[in-house]
Ligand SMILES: Nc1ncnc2c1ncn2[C@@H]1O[C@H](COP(=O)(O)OP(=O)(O)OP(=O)(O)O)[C@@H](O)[C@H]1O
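Single chain ahead, written as structure tokens, the form predicted alone.
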Amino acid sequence: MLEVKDIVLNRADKNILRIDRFGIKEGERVALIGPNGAGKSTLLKVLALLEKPTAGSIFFRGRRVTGANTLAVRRRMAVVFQEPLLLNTTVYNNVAQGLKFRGLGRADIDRRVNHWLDKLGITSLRHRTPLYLSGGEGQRVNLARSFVLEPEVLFLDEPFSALDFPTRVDLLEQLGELLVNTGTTAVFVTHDFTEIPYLTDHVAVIDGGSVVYEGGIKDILRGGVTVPAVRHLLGPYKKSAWMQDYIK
């Protein structure tokens, strides 16, 4: 569905990404993990067409992405960042904004916005402004704003890392259900292994700007992967009760 080939991204003469080939199948959910500064978020932005690589090609549904069709392809995607970055207007208007940009009629906008406010449990917040939302509520609005667009691919860049543990788990569980129920293809950047099982078993490990491993999270946790970056990431989890229970 989405594939990159021979991608190179340089900044100020420094190589940030160098990826021969990486792809995501339709309906697949992939977690991108790796050390700090490995290039996870940068790869996500390249895949989401938010950052143009120095060299290489991106293909969406078998068609090469070019300057002529970038906007059209980008409109079939949505991105959820760590900070909601909500507009200074009501929750309803924040969720509706993307649909207005796409020129949908008022009745369609109202139907879709109300549906996702209900799905994310924030209907009662529809008239509130961001100033009066908690972190978890703001991120629910952010998710609703993305899902209302009915994206074919959803990108999530550590969206829950700033939230308290109970709120984070609640949102991860709900997001996992929504991805399954909608069949949305998703790419999820995280630094926390414990978040991954809520959304997927499939991980790609990024190190030094390259994809050094693709496979199952359980294989990693069981110690069967010898890639140095994977072993380094695994260290803090080796003695955790969560890890031992999950890999049984």
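One rule holds for the numbers: they count along the sequence shown, beginning at 1. Everything numeric here is computed off the predicted structure, so don't read it as measured data.
Keep in mind that the form predicted together with the ligand is not shown, yet the notes after this line are about it.
Remark: residue 37 counts among the residues lining the ligand in the model of the complex, judged by a heavy atom distance of 4.5 Å or less. By the criterion of a heavy atom within 4.5 Å, residue 137 is excluded from the residues contacting the ligand in the model of the complex. Residue contact check for residue 229: none of its heavy atoms lie within 4.5 Å of the ligand in the model of the complex. In the model of the complex, the ligand sits beyond 4.5 Å of every heavy atom of residue 200. The contact with the ligand in the model of the complex, taken as any heavy atom within 4.5 Å, belongs to 16 out of 16, 24, 225, 234. The single contact residue among 210, 42, 194, 185, judged by any heavy atom lying within 4.5 Å of the ligand in the model of the complex, is 42. Stretch 29-37 is the answer when you ask which of 29-37, 55-63, 210-218, 176-184 has residues with heavy atoms within 4.5 Å of the ligand in the model of the complex. Applying a 4.5 Å heavy atom cutoff to the ligand in the model of the complex picks out 158 as the lone residue from 136-175.
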